[in-house]
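Given next, in structure tokens, is a single chain: the form predicted on its own.
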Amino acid sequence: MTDRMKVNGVLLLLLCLGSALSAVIATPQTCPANLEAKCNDASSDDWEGEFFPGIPKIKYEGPASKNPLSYKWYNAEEEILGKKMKDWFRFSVAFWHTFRGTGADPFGAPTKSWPWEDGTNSVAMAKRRMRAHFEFMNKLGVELWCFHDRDIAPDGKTIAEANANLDEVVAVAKKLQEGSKIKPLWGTSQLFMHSRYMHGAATSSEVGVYAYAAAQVKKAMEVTHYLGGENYVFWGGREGYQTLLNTDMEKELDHLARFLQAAVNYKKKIGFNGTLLIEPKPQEPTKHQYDWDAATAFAFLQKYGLVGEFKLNIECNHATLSGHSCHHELETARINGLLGNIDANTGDPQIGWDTDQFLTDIAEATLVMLSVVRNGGLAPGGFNFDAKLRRESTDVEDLFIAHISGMDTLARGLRNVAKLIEDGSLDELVRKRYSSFDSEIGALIEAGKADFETLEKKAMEWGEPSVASGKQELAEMIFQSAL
């Protein structure tokens, strides 16, 4: 072999090696994002690995499908009752349960440790977790998400440090949102876990806590606005009391109203056009929370002149704890013009606390969708899966299966409502039940023009009134026939 041939051979070898190296560099990381994988740091901005390498993008396959990683009833683009299914629901992933849920309960330690977690609550871990979250939403086909400030970023020793941590993680979320339709359905502040909030936040007996809570809400509202969020939620988990013996209820309610008014003022100041939502809950962790149910929250808003500034985020499990059905709470909110959002979950009637289970009861889902359809939808609100895996469900795959099941259940509910409306029997039954008010005197009553003298004259003229059957069993039969 001549020297020239040797040189050409070496050059060819170097060229091949260079091409191979370029291909390796250009190929995105596809290894699983667990701590043992030899991948780049998932918290870095240029990392392109997969957190769910064994999970495909979830697609609609129809009711006959046996694939657990597919939609059987939820077909996002299908039009029902004049809207696409995705627009009726506006499904949202709850960051705190899906990515911060550990499986712990009041009697047991955590049972879950996802492969990408390193056991810390560092900013780097928060960034890594945010990337997992966006991959999850992309594969699930969901465009909205909800968060508490302290779920997505670690707290700090000072407000300034906490805000800096939040800014750093939010910058990652903002970048991940680019080029996609993903954005927050709503944000909120975690004003219940830290010991400073043991007496409440806006209802705390300590003015320093009140001010701290205001600063935290201010920042969380700014972040929600920056990310394009459409709503902001107030859940007063500790806005209540354990005993009235040491509580000035009037003062606390007044303070809470002033806090919420300040939030309204700041929302307008920064140009945030999102809806402010109050989430009723009767108790747990406090003995009595001031936003006990939809009716109580409405009365509070009326008293303090806040109607028109707030709507309600109804959670089905909270309805159960307040002694109501979810349907009752939704209808109470709806008829008062307050239905803004739904936390889609359910509880267990045999367990006395807020279990946050995924909704899988088709009958309940149908009742929920009856209210949503009557409301004309929920936008700019939606359905947020404030629900968590059971303590014993520990596979990454279970995160997808739970959401698919919840989405399919509500989709079946919507399809059932369409059947009920098309059939018309239930609406006709209700119409006939109140048909006596279609009379002349009935019209006067509903117009507020029937005085007692007029009604007394009619009562004497008619004599003993006849009372028709309520037809409850027929109503239930019609309803069940649609399921």
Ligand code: XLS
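The first residue of the sequence shown is number 1, and the count goes up from there. Nothing here was measured: the structure is a model prediction, and the numbers come from that model.
The form predicted in complex with the ligand exists for this protein as well; it is not shown, and the discussion that follows is about that form.
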property: The ligand contact in the predicted complex: residue 192, any heavy atom under 4.5 Å; result: yes
property: is_contact(residue 230, the ligand) in the predicted complex, heavy atom dist at most 4.5 Å; result: no
property: Partner contact for residue 281 in the predicted complex: the ligand, 4.5 angstroms, heavy atom; result: yes
property: Any non-hydrogen atom of residue 95 within 4.5 angstroms of the ligand in the predicted complex; result: no
property: Heavy atom contact within 4.5 Å of the ligand in the predicted complex, the stretch among 326-334, 310-318, 193-201, 113-121; result: 310-318
property: Contact residue in the predicted complex, chosen from 148, 219, 267, 100 - any heavy atom within 4.5 Å of the ligand; result: 148
property: Selected contact from 186, 383, 136, 71, since only one has a non-hydrogen atom within 4.5 angstroms of the ligand in the predicted complex; result: 186
property: Sequence-ordered residues of 335-357 touching the ligand in the predicted complex, heavy atom within 4.5 Å; result: 343, 354
